[in-house]
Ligand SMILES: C[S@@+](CC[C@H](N)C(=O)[O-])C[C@H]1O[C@@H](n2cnc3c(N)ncnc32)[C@H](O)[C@@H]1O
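Encoded as structure tokens, the following chain is the form predicted alone, with no partner shown.
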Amino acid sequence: MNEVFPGVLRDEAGLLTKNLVPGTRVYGEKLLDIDGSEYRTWNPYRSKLASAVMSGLASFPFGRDTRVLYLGSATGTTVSHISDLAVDGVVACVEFAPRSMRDFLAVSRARRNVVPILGDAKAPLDYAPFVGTVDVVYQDVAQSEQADILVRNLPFLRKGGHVMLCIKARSIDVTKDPEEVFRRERAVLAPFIDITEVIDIGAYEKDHSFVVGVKR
């Protein structure tokens, strides 16, 4: 057992985070007792952030006090693990689909640092009163203008803050080679952020790229 990032353990079976809500599962994950504390297994086939860690991610900007804007929270799998890490921070989560939001509300009610927002990530002014300035913008949306959506949300991010973007090539253009799509999306980001890592998470999510950058 070793700590790969603050708050993230790894053993021969995979990744673990310390459970913010002991005794509670989010997506059927295993709960383990380690030195008197409860940890949750973190499945890289269910979480693109976990898949990026397993694929060699070097930057991990999540600490106890981190403020996060999460775009595309879905039912809250990855959000819940970030919540485990940002114990004294805030994870403001924007989700467009009412069905996913209904499921996500059960997760957010149990976690004091999670703020659920039913909204469209393309329209950040609509939820601006609930967000404020953040340290990280994390985005995982299945829409066609993925990089553009992130750029629209950059005003929330402090200078020097991190962006993490999951690019889903097939959600953008099924007729193009995924590598061409990835390059095009990174070009949209280039005027606004310094890209520090580009990680192929194809071992866990086909035709996906995980991009990390810092706001200028």
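Just count from 1 along the sequence shown to find any residue number. Predicted model only: the values in this text are computed from it and were never measured.
The same protein also has a form predicted together with the ligand, omitted here; what follows describes it.
- In the predicted bound form, Val94 approaches the ligand with a heavy atom inside 4.5 Å.
- Contact annotation for Lys48: at least one heavy atom lies within 4.5 Å of the ligand in the predicted bound form.
- Proximity of Gly72 to the ligand in the predicted bound form falls within the 4.5 Å heavy atom cutoff.
- Contact annotation for Asp140: at least one heavy atom lies within 4.5 Å of the ligand in the predicted bound form.
- Think of it this way: in the predicted bound form, the ligand has a heavy atom of just one of Leu85, Ala121, Val134, Val107 within 4.5 Å, and the residue is Ala121.
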